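Read the single chain below, which is given as structure tokens and is the form predicted on its own.
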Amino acid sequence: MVAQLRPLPVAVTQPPGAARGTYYRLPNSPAALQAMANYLTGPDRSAARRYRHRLRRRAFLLASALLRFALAEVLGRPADRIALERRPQRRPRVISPRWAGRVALSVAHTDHWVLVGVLPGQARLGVDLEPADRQPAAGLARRLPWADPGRASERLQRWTLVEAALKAQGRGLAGLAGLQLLGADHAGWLFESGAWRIRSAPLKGLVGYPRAVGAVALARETR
């Protein structure tokens, strides 16, 4: 594998418990896909054909390869023995949970980067990644569970906190109406949605160009 195209580890310290996970990032590029080709399976390539957009198709393949790379590290299993299920608008999962145990997976990507997270344990995981020059649509921004901070960069960071929380809960944008902000402290932002308490925090250390902004969230069921 080309040295500079090896998966880039991403350090995560918040929210509490997130540091138990393993997180990696790669450029969404043809060279990165070639470097990770050994971590792809026939089913991965077949599933990718449903994406017509070239960058999304490549992001799907890179995320599948990165997940398998990270799972091999976390579970101590050969990467080619790890079967993944990837479906549109659904969280990825390991198909053989008997030996995998409880492990939460999450994926995010832009046109230029792909990010994955693998977290052992009972919590649900959500990661989000957005281009630094992107802003949420005005309609979505008005539905955020806090006042508009005014600054575009802060608005984008807050949006990633919401998006990561929705991914961790598992409902996506459909869950936005029921997401309530309970408070914020040094450990991140605390949300509630139905039976779920969700901690979300900014993702630090995303170096590289083009720049990206991200967040990590953990959801735990309260009843």
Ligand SMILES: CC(C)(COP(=O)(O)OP(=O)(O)OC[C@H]1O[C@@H](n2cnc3c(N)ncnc32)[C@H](O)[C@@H]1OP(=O)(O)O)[C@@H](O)C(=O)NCCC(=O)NCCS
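Just count from 1 along the sequence shown to find any residue number. Keep in mind that this is a model prediction, so the values were computed, not measured.
Just so it is clear, the following notes concern the form predicted in complex with the ligand, a form of the same protein that is not shown.
Site residues Trp146, Gly178 and Arg199 are none of them in contact with the ligand in the model of the complex, judged by any heavy atom within 4.5 Å.
Contact with the ligand in the model of the complex, judged as any non-hydrogen atom within 4.5 angstroms, is confined among 38 to 46, 169 to 177, 22 to 30, 191 to 199 to 169 to 177. For the residues Arg102, Arg90, Arg151, Arg142, the 4.5 Å heavy atom test against the ligand in the model of the complex is passed only by Arg90. Taking non-hydrogen atoms only, Phe60 approaches the ligand to within 4.5 angstroms in the model of the complex. The ligand in the model of the complex comes within 4.5 Å of a heavy atom belonging to Arg134. A residue is said to contact a partner when one of its heavy atoms sits within 4.5 Å of a partner heavy atom; Val107 meets this definition for the ligand in the model of the complex. Phe69 falls outside the set of residues with a heavy atom inside 4.5 Å of the ligand in the model of the complex.
Taking the ligand as positioned in the model of the complex, the residues of 32 to 64 that bring a heavy atom within 4.5 Å of it are, in sequence order, Tyr51, Arg56, Phe60.
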